[in-house]
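Coming up is one lone chain in C-alpha cells, specifically the form predicted alone.
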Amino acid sequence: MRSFVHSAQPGRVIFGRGSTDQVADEAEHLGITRALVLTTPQQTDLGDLLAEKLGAVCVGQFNRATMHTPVDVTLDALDLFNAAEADGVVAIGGGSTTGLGKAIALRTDCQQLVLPTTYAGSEMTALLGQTENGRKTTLRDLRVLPETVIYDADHTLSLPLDMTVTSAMNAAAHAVEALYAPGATPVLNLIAEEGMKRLADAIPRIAADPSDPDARDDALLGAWLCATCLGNGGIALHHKLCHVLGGAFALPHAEIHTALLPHALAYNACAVPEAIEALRRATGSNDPAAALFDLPARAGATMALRDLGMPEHLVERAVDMTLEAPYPNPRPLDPTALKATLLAAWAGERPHV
C-alpha cells in the first residue's frame, strides 16, 4: 500500500429533517450574539424564517448572494456586516450563499453556521472560489471552513428537479475526483464510493417522485459524504475546467459540472484504474463515464455545453486558460486531447471508458 497522509478537518454536523429548529441553540453554541443572515434574492423567505428563529440574535439580512462569489458583492455584504457590528453569519442556500459566508469569514474570521438547501458541498470545505475581472481563483484557508452545518432535507423537498439533478451531479464530481486527486487516501476512497453510490441510487428515485422524503434524505447524506471528500482530498482537471468555464464565461456552476463530469472522467480513465473500479461498483455499470452521463440525462438534465450558452469558438480559449494554471491531474494535460474532450462536452456526446 502506498504511503499517505489523512487530515480530518474540524467541524460540527447536525443532520435530520426538522433540524433547522436548532439554529438558535447552535448560534449560541458557536458564541454568535449578532448574526447576519445570508441568502440569494430567490430565497429571502428562508432568510425571514431564520431571522424569526434567531430572534434578537439576527441583526440584519443580506439577500444578494451570487453565483461564483463576485468580490464586489462580497464587499457590499461586508459593509453591512460591519455596520451591523455582526460577529457571525448564518447562511442558508446553495453554493452561492455558502460562498458568500466563507468570503466574509476570510476577511473577518467570524463564526459560520450554514444550512444547505442543495447538494453543492462547499459547506464542508476550506476552499473558496472568488470571481473578479472575469477570472475565478480558488484558495484554501481554514478560516473559511464553516464551524457548524445543519443538514435538513426539508429544505430540499421544494428544490426543482432540474436543480436537484445538477446539484447532485456537482456533489458527485467531488467524490469522483477524490478517488484520484493528490490527497486521495483509503479512508476518502471509502467515503467517495459510498457517497457516489447513494447519489446514483437517489437521483432516479427523486426523478420519479421529487417529494419522496427518504430519497431526499439519501441524496443529502450522499452529498455530505461527497463534500467531505472535496474538503479533504483535493481536485483535478474536472474542477479546473468548471472554474474556467464558470469564471470566464459565466456559465451556470452546477450545470457545467453535470455536462463536464463524464468527459473529464473519460479523459483520466486510462491513468486511474482503481478509481474506475470503485466507480463501477458505485454506479453499478461497467462503464462509469457513460453511467455518469446517463444518470442526469435520463432525469432531464442538459448535457451539452452549447445548450448552456457556450459558443464553440470559446473551446480553444478554455483549453488555453486551463493550461495556463493547471490543477494537479493524474493524466498529463495534452492540448489536442483536452480540446477533443471539451468539444465532446460542447456537443453533448455520450463518452465511454
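Predicted model, so just to flag it, every value in this text is computed and none were measured. The first residue of the sequence shown is number 1, and the count goes up from there.
Beyond the structure shown, there is the form predicted in complex with a small molecule, which is absent from this document and is the topic of what follows.
Heavy atoms within 4.5 Å of the small molecule in the model of the complex belong, among the stretches 89-97, 279-287, 202-210, 183-191, to residues of 89-97. The small molecule is not drawn, but in the model of the complex it has no heavy atom within 4.5 Å of residue 74. Interface membership of residue 67, defined by any non-hydrogen atom within 4.5 Å of the small molecule in the model of the complex, is confirmed. For residue 273, no non-hydrogen atom is located within 4.5 Å of the small molecule in the model of the complex, even though that partner is not displayed. Although the partner is absent from this view, residue 163 contacts the small molecule in the model of the complex, with a non-hydrogen atom inside 4.5 angstroms. With the partner removed from view, the residue among 118, 258, 112, 228 that has a non-hydrogen atom within 4.5 Å of the small molecule in the model of the complex turns out to be 118. In terms of contact with the small molecule in the model of the complex, the residue from 105, 235, 149, 128 that brings a heavy atom within 4.5 Å is 128.
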